[in-house]
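Following this are structure 1 and structure 2, which are two forms of one protein chain, each written alone as structure tokens.
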Structure 1
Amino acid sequence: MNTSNAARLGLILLLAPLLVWLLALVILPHIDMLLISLRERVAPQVYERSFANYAEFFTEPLYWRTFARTAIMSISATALTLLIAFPVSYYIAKMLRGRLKGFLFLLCLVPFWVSELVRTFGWMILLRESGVISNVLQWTGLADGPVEMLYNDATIMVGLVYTSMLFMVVPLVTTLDSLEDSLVEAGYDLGGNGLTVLRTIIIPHAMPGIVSGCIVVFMLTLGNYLTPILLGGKSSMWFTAQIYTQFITRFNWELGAAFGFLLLALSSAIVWTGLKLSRQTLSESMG
């Protein structure tokens, strides 16, 4: 066997686990799911091919409303995360040097030292009626009685933004880091004020980071399960929770699988629209 054959064999051996992994863990389950979503239970252990599950989504207002709510909340959470993360990232990337920079960057990682469940419970301890913030407010006299900050959409938003922060900050810091200071200075030097420099130079430069950050945050938020359930109120619905319910508590895999594919399709459509609107391409932002 000659060396180029050996190299090729090596490459195949290296790639094999990845391919097996992709096939076994991603592609096969998806094909299985697709088949499940396309059948309808007619009697115990008897199924028929049908689109009934997909039809169900569009005919039952509850389901598409839940989806719309999830999508709108996710888009808002993404926008809010971007709004907060941008100045933070700019500060980390452009204003700080050396140790402090690394430290602040690390600070964004802190929430990930504990599991999502623990993080969410942390928020509950802080925000509940008998919780820390409520007590502090009463103690300082800012509130006369207990204040309930849990169980509403604003709380969900706080939880989602908090969880998503890192995924926005990392791509933003990376792209902003590569922005030469002299470009910003040139922007000012030629007569631009802070706003025009931000609009015409900094944001266009950071666009790939903004887009990839937004895609990741949007997808993570859309797929989040614990935060909306635990922090949300009585009426809080989340599409992934609906999928979970269909699969686990209703034993309705058919509908759950259909919902899963609808989520995949609809969220891809939203991302695609976002890319078109911002005139970016996926490969550019992810490259």
Structure 2
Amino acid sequence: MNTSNAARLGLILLLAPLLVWLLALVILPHIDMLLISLRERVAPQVYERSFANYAEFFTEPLYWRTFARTAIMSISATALTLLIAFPVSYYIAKMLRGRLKGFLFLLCLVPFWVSELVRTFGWMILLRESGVISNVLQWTGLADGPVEMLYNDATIMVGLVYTSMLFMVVPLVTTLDSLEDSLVEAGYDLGGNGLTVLRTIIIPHAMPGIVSGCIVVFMLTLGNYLTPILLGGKSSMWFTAQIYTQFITRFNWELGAAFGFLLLALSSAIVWTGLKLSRQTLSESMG
């Protein structure tokens, strides 16, 4: 066996586990989900091919309004996470040195040492009417009675940003860390101000990290179930709750599969649009 064939065989063996994983756990389940969504139950254990499940989604206002609301709030949560994470990431990557840099980065990791469920319950303890913040407000005289801060859009947004922050900070710190300090100094030496340097040097350099972070945060937020349900309550109107209801509560796998495939199509469309607007490719943003 010559060198080129040996190298090709080695590459195939290295990629084989990944290809098997993608085929068994990603591609085949999605194909099966699509086939299930395209069938309609006409009698017990009797199905026929139909687009009735998708038609029901578009004819029922509750479904497509929840769908649109989930998309808008996921985009908003991603944008807010980016606005908060960018200065934090820049400070960690460019303003700190040595152990302090590693320590601050470690602080960003600390909340993720526990599960998302525990973190969400922590917010509920803080924000409920008998929680810490409500008691402090009453003790200081700023509130006359218990203050309920749960079960609204603002609380859901806080929870989504909190649970997603690390996935924005990590790619931003990695990208900004490779930015040469001399480039920033040259921007100021040539007469640029802080806003000009940010717009022409820092953001273009950080764009791969921005795009990759936004993709990960958006996908996690769009598919989140625990945070919107626990912090938003039954009125949260989150689309993953609709999918859960169809699969688990109503045992309507056909409609649940249609909802799941629509959510996949939405996430793919928004990610593709974001890549086009940022003029990035998927390999550039993830590499």
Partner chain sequence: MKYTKGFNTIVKTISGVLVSTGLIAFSAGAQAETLRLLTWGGYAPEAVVNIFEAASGIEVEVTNSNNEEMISKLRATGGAGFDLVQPSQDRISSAQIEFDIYKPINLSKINSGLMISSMLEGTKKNTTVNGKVYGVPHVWGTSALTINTDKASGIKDYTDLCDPKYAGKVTYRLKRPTLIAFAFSMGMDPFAAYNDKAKYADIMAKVEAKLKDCKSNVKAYWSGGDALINLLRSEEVVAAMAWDGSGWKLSAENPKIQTIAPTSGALGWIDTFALPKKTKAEDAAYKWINFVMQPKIAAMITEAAGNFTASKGSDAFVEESKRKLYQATFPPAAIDNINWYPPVPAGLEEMEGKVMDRVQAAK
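We call the rigid core whatever largest set of C-alpha positions still superposes within 1.5 Å between the two forms. Everything numeric here is computed off the predicted structure, so don't read it as measured data. Counting starts at 1 with the first residue of structure 1 and goes up one by one along its sequence.
> Would you check which of the pair is the form predicted in complex with its partner chain?
Of the two, structure 1 is the form predicted in complex with its partner chain.
> Any chance the CA of residue 269 moves 2 angstroms or more between structure 1 and structure 2, core superposed?
Shift at residue 269: below 2 Å after core fit.
> After lining up the core, report the Cα displacement of residue 21 between structure 1 and structure 2 in Å, one decimal place.
Looking at the C-alpha of residue 21 between structure 1 and structure 2, the offset is 2.8 Å.
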